[in-house]
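Single chain ahead, by itself, as structure tokens, in the form predicted alone.
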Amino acid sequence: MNTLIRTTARCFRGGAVLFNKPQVDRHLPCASARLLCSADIQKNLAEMVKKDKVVVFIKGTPAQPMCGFSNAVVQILRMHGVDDYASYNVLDDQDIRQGVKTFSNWPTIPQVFFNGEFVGGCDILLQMHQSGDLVDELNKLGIRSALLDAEQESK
């Protein structure tokens, strides 16, 4: 939350400074302020995706996803026993919602990151789950999939 407040303050300060400069094109200061904000958002996103081993940007929260695709991502992670991950509700912040799409060059939400690297959205995570690749990727993160334990118990 503090990061969001600092970013907003920098954006307003940057915009205010730019608006004080005399300009021939009145749209230029606004565009410059947006670029300043955009750069700050991208920097913050780079920090956010590296904060935890698993980071998701979803609509809603893990306890209450607000779309079916976000719910699917939460359920897949839950099936694998991944409970310790950072989750960001893009419905709370339109700058983050648009910024993460630019950051990952992926047009949709949800978005999943492992160790700061973009994995994909719901469809990619579902494919990884179905193929068994998700178990391997979680293992690389030092996370043992609960599906392995369930498989051993059924034997």
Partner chain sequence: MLSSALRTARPLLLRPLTSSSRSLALSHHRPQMAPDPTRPVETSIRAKLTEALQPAHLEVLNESHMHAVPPGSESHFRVLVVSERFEGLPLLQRHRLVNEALRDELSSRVHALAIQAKTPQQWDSNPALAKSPACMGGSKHDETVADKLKAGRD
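Numbering follows the first chain given and starts at 1. This one's a predicted model, so the numbers in the text were calculated from it and none came from an experiment.
Beyond what is shown, the protein has a form predicted in complex with the partner chain; the following relates to that form.
Contact check for residue 50: no non-hydrogen atom falls within 4.5 Å of the partner chain in the predicted complex. Although the partner is absent here, residue 66 sits close enough that one of its heavy atoms falls within 4.5 Å of the partner chain in the predicted complex. Although the partner is absent here, residue 130 lies within 4.5 Å of the partner chain in the predicted complex, judged by heavy atoms.
Among residues of the shown chain, residue 42 is not one whose heavy atoms approach the partner chain to within 4.5 Å in the predicted complex. In the predicted complex, 59, 65, 66, 67, 68, 69, 71, 72, 75, 76, 79 are the residues of 57-84 with at least one heavy atom within 4.5 Å of the partner chain, listed from first to last.
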